[in-house]
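Below sits a lone chain in structure tokens, taken as the form predicted alone.
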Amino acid sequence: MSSSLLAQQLIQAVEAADSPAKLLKAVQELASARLEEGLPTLIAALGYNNPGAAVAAVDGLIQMGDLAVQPLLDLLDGYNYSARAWAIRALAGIGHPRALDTLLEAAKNDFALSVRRAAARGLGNLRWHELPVERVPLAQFQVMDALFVVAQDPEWVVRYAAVVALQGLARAMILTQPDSISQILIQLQWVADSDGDLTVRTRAQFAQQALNKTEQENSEPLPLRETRCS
């Protein structure tokens, strides 16, 4: 069977599903096939009010990787916040910097906390090597500034996601802009000292400790090898 015919059959199964269980099964099968023709249908499934099907669609989109990025950006639902949250979660899981502007806007300004949380985590998961080298410093500073704002979000789950993302960003910046890590550590210290939620404060402390350890490991000189005289 050709891939086009298989895609057509799997798409029809999704569209014909007349129960939540059938929809879930059909979406799972379409996602598992990883066919480019199925991308619009998988993205549509994000808004079907079926969490199981949405999870299956997100998993499939992430597995398809870069192929799914532009369709997700093109078909992002501006009205259905649940579908938008699932789409942002898929973009975050893929980590392609083509989604950078969308993630920045969603993390800072979306009215739905689920969207802001997914976008914040995605900002800490970007594959920076996919960007031209000359664009990386400015883009990383944009992400850092955005996460500093998101770390003050009214919702604790969004602030928690910002802390996790700051740790991820710092790990990347150790390789590209090590002198800037101190700014992230200062922000994490502020969160650890002042956040109103114990879970967020504890996560900020963990991120600090992990980053301090990583900085130390990267700054330690390599051990000298013993040389023997022959």
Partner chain sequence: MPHQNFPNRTLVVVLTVDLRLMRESHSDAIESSRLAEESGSGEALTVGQAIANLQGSDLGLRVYAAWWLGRFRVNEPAAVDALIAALDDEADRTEAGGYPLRRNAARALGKLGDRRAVPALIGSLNCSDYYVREAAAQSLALLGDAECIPALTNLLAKGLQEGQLVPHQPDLSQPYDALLEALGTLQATTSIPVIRPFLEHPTDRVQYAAARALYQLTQESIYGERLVQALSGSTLQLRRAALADLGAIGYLPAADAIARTHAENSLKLISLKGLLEHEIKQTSSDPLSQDAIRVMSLMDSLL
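Residue numbers count along the first chain shown, from 1. None of the values given here were measured: they were computed from a predicted structure.
Keep in mind the form predicted together with the partner chain is missing from the figure; the text below concerns it.
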{"item": "Distance check, F141 to the partner chain in the predicted bound form, heavy atom within 4.5 Å", "value": "no"}
{"item": "Exercise: E155 in contact with the partner chain in the predicted bound form, heavy atom 4.5 Å", "value": "yes"}
{"item": "Residue contact check: R121 to the partner chain in the predicted bound form, 4.5 Å heavy atom", "value": "yes"}
{"item": "Any non-hydrogen atom of L46 within 4.5 angstroms of the partner chain in the predicted bound form", "value": "no"}
{"item": "Options 146-154, 68-76, 96-104, 131-139; stretch whose heavy atom lies within 4.5 Å of the partner chain in the predicted bound form", "value": "146-154"}
{"item": "Among the candidates Q183, Q189, T199, Q177, the residue which, in the predicted bound form, approaches the partner chain to within 4.5 Å (heavy atoms)", "value": "T199"}
{"item": "In the predicted bound form, the one of V27, L61, A161, A170 near the partner chain [non-hydrogen atom within 4.5 angstroms]", "value": "A161"}
